[in-house]
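As structure tokens, one chain now follows by itself in the form predicted alone.
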Amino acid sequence: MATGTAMAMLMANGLLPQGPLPDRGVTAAVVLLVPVVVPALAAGLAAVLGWRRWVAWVAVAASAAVLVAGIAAAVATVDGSVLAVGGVLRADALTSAMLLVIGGVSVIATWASVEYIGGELGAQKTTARGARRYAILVALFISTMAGTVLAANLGVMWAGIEATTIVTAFLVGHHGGRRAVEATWKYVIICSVGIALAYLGTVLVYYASQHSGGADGLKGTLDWTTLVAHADRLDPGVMRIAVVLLVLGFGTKVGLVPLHSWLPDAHSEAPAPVSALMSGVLLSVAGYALLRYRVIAVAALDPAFVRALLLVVGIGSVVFAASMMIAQRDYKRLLAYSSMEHMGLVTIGMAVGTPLAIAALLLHVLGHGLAKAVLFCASGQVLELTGTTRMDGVRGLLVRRPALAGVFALGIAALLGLPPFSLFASELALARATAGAGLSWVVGVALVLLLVVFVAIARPVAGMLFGPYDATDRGHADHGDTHEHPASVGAATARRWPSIVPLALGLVALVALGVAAPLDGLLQSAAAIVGTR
């Protein structure tokens, strides 16, 4: 009914034709509107009724609706078809792949939120007002990200990414306190700089289209399809500046150097399910914007310039993340720097740009999103159990919570790219694509850095899982290293399988993606769209 109301509004505003729609038009409208409208309605329900368990489950159902819409879009676009609603919403195979990432990660995060917020209310770590605000903002966050990847216009896509900054700023500061407030301001200021640079880049692309010599349909537009069709007519001088600004601007939201410093603070201070959404989806949505612009850039400019620019920020991000992970003592910050490392690998895949590289990076985005959703949500339970985020304060997890420890260990194995998880296949394919493009030295550098990352993660995590457990040791909870209220320590004992189920499902999905490869056709279609070089 809600989707039908939205369709009626679009018809009234001329964005959809009046009268009965052809069957495919109706299908397209439903598939494209559901990911935006349904989570927005869940946000409205939370605003009216406040946080209740069944309202939280409605958010889970809304996330599942996004996932189902993503599957429907994938089926409809796997053959290269495009779904469109007026000139506003558009989905091709690349969009469908991103909807699957958003839906899959959102299901895990919202499912985990049911117990997470329930536990916070029980421990008096948050108020009913805080829980209501959380429920509203998380649903809006999902709706905004879906709208961003469905936008047919690059200006609307920029506005969608800006909207995610506004929504998530309040979520980063959910716990309050000095560190959360500092992280929030850092996030807002740095991402505002980044989004301003992306805005300037977007304006320059529009300017280039406006002065393109009057090419048919190109003059003064930000429509992605039109720009791609006539990209070779865009002024190279203007586009060179625009591409640099866009890589720096959207790269800020991706967590790439040099404007990356917001990421570890924001991810470590945000509630665990929000960290899962930010790491698993938000970074990838900004990366999606770079992918869309890359197609235009390589047609308008010397492809070597675009490749060199993306290689510099991609390799630089992996180098910086690996160096910070070596000395890291906080497991949430370790996961945050790991996100930066994986986004660096994805950017290297963009730089290579061949169809194999694009298909591999999309699989990597999906695998990384699921792995980070599992690990951040699990880390929230570890924090509640132990009262500390310091790795040397967590010992004997395998003895204390075997199921949680098992999920955490398997999530780490997936993150490190071990088989049978999908990140093994995606990293292998990225290496093949990079070597095939004549960049064997990049493969060598990346392998050395991945070895450093492996040691930096595996060694301390082994201590967390197998280290001797002293029941009298509460880690560093009394030394300012935790956000936990003392009453909450031990509350985790009331949580068992219900909080583990979504994480286990995420791991099953990671294995299925790595072994059965069910998305090969969709990823190849997406790679054909943006894998131009």
Partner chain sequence: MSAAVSTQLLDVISGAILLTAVLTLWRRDLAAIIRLLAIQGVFIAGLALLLGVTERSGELCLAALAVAVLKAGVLPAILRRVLADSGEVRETAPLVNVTASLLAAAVLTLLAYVLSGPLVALAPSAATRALPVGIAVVLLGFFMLVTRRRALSQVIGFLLLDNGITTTAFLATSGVPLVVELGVSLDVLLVVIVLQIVAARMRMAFGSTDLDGLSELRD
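Positions refer to the first chain, counted from 1. For clarity, every value in this text was computed on a predicted model and none was experimentally measured.
Another form exists, predicted in complex with the partner chain; not displayed. Remarks below refer to it.
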Interface check vs the partner chain in the model of the complex: of L418, V203, L311, V443, the one with a heavy atom inside 4.5 Å is V203
Could you tell me which one of F424, F170, F454, F305 places a heavy atom within 4.5 Å of the partner chain in the model of the complex? F170
Here the chain appears without its partner; judged in the model of the complex, the stretch of 397-405, 445-453, 262-270, 98-106 with heavy atoms within 4.5 Å of the partner chain is 262-270
I'd like to know whether E182 contacts the partner chain in the model of the complex, with contact meaning heavy atoms within 4.5 angstroms. yes
Even though the partner isn't displayed, in the model of the complex is Y199 close enough to the partner chain, meaning a heavy atom within 4.5 Å? yes
Even though the partner isn't displayed, in the model of the complex is F250 close enough to the partner chain, meaning a heavy atom within 4.5 Å? no
Consider G122 of the chain shown here, and say whether it contacts the partner chain in the model of the complex, taking contact as heavy atoms within 4.5 Å. no
Can you name the residues of 322-336 that have a heavy atom within 4.5 Å of the partner chain in the model of the complex? M324, Q328, R333
